Ligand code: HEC
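This document opens with one chain alone, in structure tokens, the form predicted on its own.
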Amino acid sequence: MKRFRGASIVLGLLLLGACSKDADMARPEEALFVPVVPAGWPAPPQRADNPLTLASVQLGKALFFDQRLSLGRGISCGSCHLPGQAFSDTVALSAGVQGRLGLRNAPTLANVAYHPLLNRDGGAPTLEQQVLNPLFDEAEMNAGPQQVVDLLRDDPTVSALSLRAYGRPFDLYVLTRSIANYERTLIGGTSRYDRHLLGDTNALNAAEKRGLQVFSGAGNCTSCHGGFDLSDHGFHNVGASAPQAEDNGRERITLDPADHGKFKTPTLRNVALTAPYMHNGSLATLEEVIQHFNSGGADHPNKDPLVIPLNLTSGEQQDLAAFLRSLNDESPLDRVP
């Protein structure tokens, strides 16, 4: 499919950049950036060849919101990953260059530092590699990475931060690694639910506490939405699309028909901000999502056996929706100065 024409050469491009003898470490005098990690959470994984420095995350942030990534055609990473929406979008399918619609709903970038695989089908094993996907994608930025480098390399801010962060002029290596590092700083965990977990008995109201009981019990939600990120980071078919749907999900990567229609479990953090829902944005509200799972979803030969009718009452569904709305972070995800 043309949409994914860049996937097969992403690894090769990055390996070429990694071969440079001076590419393994940032300049030692550059200050490290220490992300704010919530109490009880593990430290986010770090890459030895791309340490989290103040210069690298500042450069990555500048590039993330720079429309020159689409060669000046109006699209940046921030066009589809809006800070006010927990770095997700407000539409089912985001519009890229020339108004072309993408194939999937833009997910939140909260806590992607912890994700072992990126994209809804897990097709990108690292954030550095994922950065290239929207550049190549004809429905997103449709830009050759080297064209982007050529356009940005003489920008004085970009040039100065590149030298500070990586000790080299701005190039493809710096482009991918700096944006990846900025995305690694987008850590949540400051919701009222988190205050509840830390012992604040007034953090949740009565309906939200009842909803938490549904979430952990009759709703069977924690089977896939457990842990600090409220996601198992696995891949499941939840009956959200018909067997003949164009988007075959995880099967695109594994070529295993048993993976048809499977998509990565999204985090539920900030879920009230990330509507519409599902890989295709087909469910507009939290109430529709709850109704979907309460019904057991649509029939599909690969549907996860955990997705069965729940028989929740109307009151239980309302309480569950109230709890899910307590998962919004009270502090900004972006803490990069």
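Everything numeric here is computed off the predicted structure, so don't read it as measured data. A residue's number is simply how far along the shown sequence it sits, counting from 1.
Note that the form predicted together with heme C (HEC) isn't included here; everything after this is about it.
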item: Heavy atom of each of A207, L212 and S326 within 4.5 Å of heme C (HEC) in the predicted bound form; value: no
item: Listed residue (L71, L172, L118, I187) with a non-hydrogen atom within 4.5 angstroms of heme C (HEC) in the predicted bound form; value: L118
item: Listed range touching heme C (HEC), judged in the predicted bound form by heavy atoms within 4.5 Å, from 78-86, 151-159, 195-203, 164-172; value: 78-86
item: Heme C (HEC) contact at A143 in the predicted bound form, heavy atom, 4.5 Å; value: no
item: Contact of H225 with heme C (HEC) in the predicted bound form (heavy atom, 4.5 Å); value: yes
item: Distance check, L306 to heme C (HEC) in the predicted bound form, heavy atom within 4.5 Å; value: yes
item: Partner contact for T274 in the predicted bound form: heme C (HEC), 4.5 angstroms, heavy atom; value: yes
item: Heme C (HEC) in the predicted bound form - contacting residues of 269-302, heavy atom within 4.5 Å; value: V271, T274, Y277, M278, H279, L286, V289, F293
